[in-house]
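Just the one chain here, the form predicted on its own, laid out as structure tokens.
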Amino acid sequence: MKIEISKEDFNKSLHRLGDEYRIYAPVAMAYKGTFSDTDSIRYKEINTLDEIEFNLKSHFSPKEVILPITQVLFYFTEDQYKEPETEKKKLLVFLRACDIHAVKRMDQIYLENGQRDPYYQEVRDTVKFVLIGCEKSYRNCFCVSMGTNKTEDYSLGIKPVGDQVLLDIKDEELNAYFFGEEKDFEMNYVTSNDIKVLIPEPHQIAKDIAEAPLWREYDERCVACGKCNFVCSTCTCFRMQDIFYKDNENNGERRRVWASCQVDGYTDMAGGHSFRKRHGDRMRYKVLHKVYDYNKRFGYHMCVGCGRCDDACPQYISFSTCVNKLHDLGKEER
């Protein structure tokens, strides 16, 4: 059902939803950006429509709402363990089309890749998505090339127009919260990006791609900070961390913490050995995983073209440019 509602009435509906849901959306956090006079746009719990940043792309993905940066899995003592209490409220998350596609990638890894992850499943079962349409393409976006610029997989679509809000309600449960006049409209979708990415087909990837000179450029340029992974909406790697309490070293907690394939220590093994010590080799691993390995296994690319990795890189390394170089290398091989 598509309706038109005033901002005032929409905020009243949000207030009622707050009894049952924790509501998250991209918010501009003043002076929290990379530099002292810049804002940081990231996901935060909100109460009103005016808090939501509709006009700019968030610097961080909504992934951290569903998959916390640090998550306690259980507490332990000498002879027993206990899982933490779960959040009683459900989640309502405002996000863009590419990020909804990104959730599909996380679902694939955590729920459909062998053993289901119970911690992720518990949170995922409570989430509903509100689609924010994109009126324009943002800097470094290449979602059209990845086929992630459009989606129908949302519970509620929102399009603010002046003092009114247009809603596309697809979830019957949410129908009970919003009342307005029926009005037909179309959600905004990006149809072209300034950046176009060409991805080689699996059979076009050279067998000796691991030794290609392409990767040596990144030995010097990449500083292995891992920012590209942490802002990425589809990176899912983590490490385990045991915390022992000072008052009793036999008691503590086990945490799951985000990890990055770009930083030192990610591939460390017993005996002091480590894979991919060169930064260019780590770049190769990330790029091929996003546009080759994942696709070969599941039938679609892991990258959704949000461009946040390019936005965040302090060395101005462009993931999209690297993928295009990979494509050109495949053409040379042919």
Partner chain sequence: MIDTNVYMPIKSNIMEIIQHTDVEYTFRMAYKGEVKPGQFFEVSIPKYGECPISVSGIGEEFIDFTIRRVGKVTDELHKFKVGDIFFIRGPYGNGFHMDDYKNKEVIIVAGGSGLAPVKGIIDIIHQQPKDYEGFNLLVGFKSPDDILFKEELKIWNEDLKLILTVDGAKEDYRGKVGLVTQYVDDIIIKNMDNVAIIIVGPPMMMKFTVEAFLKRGVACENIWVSYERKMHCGIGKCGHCRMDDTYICLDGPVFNFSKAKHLYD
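All values derive from a computational prediction rather than experimental measurement. Numbering follows the first chain given and starts at 1.
One more form of this protein, predicted in complex with the partner chain, exists but is not displayed; see below.
**OP:** Work out which of D194, D163, E173, E249 lies within 4.5 Å of the partner chain in the predicted complex, going by heavy atoms.
**Re:** None of the others qualify; the residue that does is E249.
Original post:
the partner chain isn't shown here, but in the predicted complex which of K104, R254, K89, R221 has a heavy atom within 4.5 Å of it?
Top reply: Comparing distances to the partner chain in the predicted complex, the residue within 4.5 Å is R254.
Original post:
So in the predicted complex, does any heavy atom of G147 sit within 4.5 Å of the partner chain?
Top reply: No.
Original post:
Taking heavy atoms and a 4.5 Å cut-off, does E201 contact the partner chain in the predicted complex?
Top reply: Output for E201 is no: heavy atoms all beyond 4.5 Å of the partner chain.
Original post:
Is R239 close to the partner chain in the predicted complex, meaning a heavy atom pair under 4.5 Å apart or at it?
Top reply: Although the partner chain is absent here, R239 would touch it in the predicted complex, with heavy atoms inside 4.5 Å.
Original post:
For P118, is any heavy atom within 4.5 Å of the partner chain in the predicted complex, or not?
Top reply: Output for P118 is yes: heavy atoms within 4.5 Å of the partner chain.
Original post:
Looking at the partner chain in the predicted complex, do all three of E78, T267 and R297 come within 4.5 Å of it through at least one heavy atom?
Top reply: Result yes, every residue of the spot touches the partner chain.
Original post:
If contact means any heavy atom within 4.5 Å, which of 147-155, 239-247, 91-99, 131-139 contacts the partner chain in the predicted complex?
Top reply: Contact-bearing stretch, as computed: 239-247.
Subject >> Contacts with the partner chain in the predicted complex - residues in 175-208 whose heavy atoms fall within 4.5 Å >> reply: Residue within 4.5 Å: K207 only.
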